[in-house]
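Take a look at this single chain in structure tokens; it is the form predicted alone.
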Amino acid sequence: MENSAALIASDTPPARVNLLGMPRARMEEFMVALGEKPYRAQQLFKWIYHQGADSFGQMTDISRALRERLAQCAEVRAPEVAEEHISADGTRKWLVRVTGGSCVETVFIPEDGRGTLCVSSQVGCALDCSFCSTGKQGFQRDLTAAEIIGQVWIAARSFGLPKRGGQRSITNVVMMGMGEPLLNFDNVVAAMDLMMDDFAYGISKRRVTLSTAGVVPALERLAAVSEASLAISLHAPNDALRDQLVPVNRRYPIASLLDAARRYMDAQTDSKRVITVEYTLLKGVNDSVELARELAALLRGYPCKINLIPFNPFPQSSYERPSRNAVSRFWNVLTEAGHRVTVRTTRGEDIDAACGQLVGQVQDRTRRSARHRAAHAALACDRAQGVRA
């Protein structure tokens, strides 16, 4: 942190620096500015992420003098938990209040042998996908890296952090909560780095997944800075239908998205990983056998697995969940064509924690009109491409 020394030397006490969400390299620079060795950053990382410490007084392997100095110029500040809900199936949802008063939602899904945490990246979402309740809330702002990794920190602490060598509750993290992760590029990448950093959460790159609706320029950039797994929200096998369901498709159509996703995976060192293609099934809209055949042909030879997601209803939506028979027919067409296909089990629906149901409490800045939301989304995409507003 280039200004750390100047801040510490100032006669006016500066605002305390939040160490939660700070990259390890910057933490090392911060410690050097304090006159300490860089390895102190690793100690702080272990206390913050392995032990869930939010007070320097807890950090017993650090000298008292340094702890007191840190308390004067730094802090570990996570977002506030406004509410917590537990589903009958064991799914847990946190309503997390961030700076400014809005709330985002974080969901933990327990399964046999694994626990998946679904993390939000923005307060609301500007992309306005027609079947997603988050998009109906409009958009306020990007989350900071501290607010993103803070969701993992909150969930990990709630389970009781594991002892060294013990089993952890959170085995997987998916950037599939509120918001489009690639429109908050720098903060999302910084937070995912912490998820995969051995001195932080140390989660395998195979088990940290970013899901995008298709912001192609940002996806092209991602390959140079991240090894996270990739999921793409497809939801239609042709541009005419996807234009209606996922408006960003009008800017970055299916062919460009699939090509960018393939290049992202080609850039990874692990050649065995594949792209997850997410497909939300909407009754009478995109769940026909004909569309299943079209999807099977589109993805023939493509390095992917397909995750079918029966629609989860929410207020303001006219869509319906397809019947089990319709889901089964769609699945059969894809599997008979040789594709690897799973059907996502609906979890946490009784607490509105199922896929597509997250709404939070958004102090909205983009709901004035559909035209305004579209313009805002276009501006966000331009920024992702490096175009100055």
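Note that residue numbering begins at 1 and tracks the sequence as displayed. These figures come from a predicted structure and were not determined experimentally.
We do not show the form predicted in complex with a small molecule, though everything after this point is about it.
Look at 178 to 186, 201 to 209, 67 to 75, 99 to 107: in the predicted bound form, residues with non-hydrogen atoms within 4.5 angstroms of the small molecule sit in 178 to 186.
Contact annotation for N249: none of its heavy atoms lies within 4.5 Å of the small molecule in the predicted bound form. In the predicted bound form, the small molecule lies within 4.5 Å of some heavy atom of H235. N312 belongs to the set of residues with a heavy atom inside 4.5 Å of the small molecule in the predicted bound form. Although the partner is absent here, T280 lies within 4.5 Å of the small molecule in the predicted bound form, judged by heavy atoms. The partner is absent here, but in the predicted bound form a heavy atom of F131, alone among Y264, W153, F131, W94, sits within 4.5 Å of the small molecule.
This chain appears without its partner; in the predicted bound form, the one residue of A146, L222, A213, A126 with a heavy atom within 4.5 Å of the small molecule is A213.
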